[in-house]
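Listed next as structure tokens is one chain, alone, in the form predicted alone.
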């Protein structure tokens, strides 16, 4: 790896930054690529780095999740992996934006349409009567045309409003159904992920216990029955010992005599902060 910190260039498998005014969180963020400085040239951080990339006394740790990521980094697979991939793909297909609903149209009430139909019929009746009598019809013809035009316009508006309401209901129902399918798939995916994590943890459980036993430094006064309940720092170091970590691990703990000793024990490049 290569680092440039405060005008100084560092290169190698082990870098000691304890003399520099830079904290471990910043260095780890730079290695992850989420912070611009210090400039780092190193292998990309894998999933296990999200849990154990920066080992320090105030850290927390989701030990079993980190242990599952460590198992993955070593190529472990589970019988649930194909199902997980399928569920992810199906969820991605459903992950669309909310539908755009057509504008709500103001409906024309039935009474208005009935009144217009009656007016149109009355005007046509008057036109027929005047035609029978041979009287002037120009004015009444104009009235028939205007009344019929208004009726047609209102009926068209009522039909459009009815279709708009139906489209809004259909799209809203389709969206609710899609969201329900999405929740069911998400629940199934979460269950299969838990199953896969359990299998991965089981696959490396013995090695994890052995790694815990080998962690340098003082042993815990009260060793918990469940290795998953071991304090974060020794648990993180044990996870890292199991994992393949090509990206430099930022270590801010005095459990190793030297940064080189930390890199040797972890079998990983190390930045000491």
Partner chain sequence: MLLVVTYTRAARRDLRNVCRAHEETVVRQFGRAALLSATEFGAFQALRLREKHGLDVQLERVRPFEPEDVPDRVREAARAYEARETPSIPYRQFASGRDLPGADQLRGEEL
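Residue numbers count along the first chain shown, from 1. Since this is a predicted model, take the numbers as computed values, not measurements.
Same protein, other form: the form predicted together with its partner chain, not shown, and the subject of what follows.
Looking at residue 152, you'd find every heavy atom of it more than 4.5 angstroms from its partner chain in the predicted bound form. When contacts are judged by a 4.5 Å heavy atom cut-off, residue 101 counts as touching its partner chain in the predicted bound form. Among residues of the shown chain, residue 172 is one whose heavy atoms approach its partner chain to within 4.5 Å in the predicted bound form.
Shown alone here, residue 74 lies farther than 4.5 Å from its partner chain in the predicted bound form, counting heavy atoms only. Distance criterion of 4.5 Å from any heavy atom to its partner chain in the predicted bound form singles out 179 from the list 166, 122, 159, 179.
Think of it this way: in the predicted bound form, its partner chain has a heavy atom of just one of 183, 145, 194, 88 within 4.5 Å, and the residue is 183.
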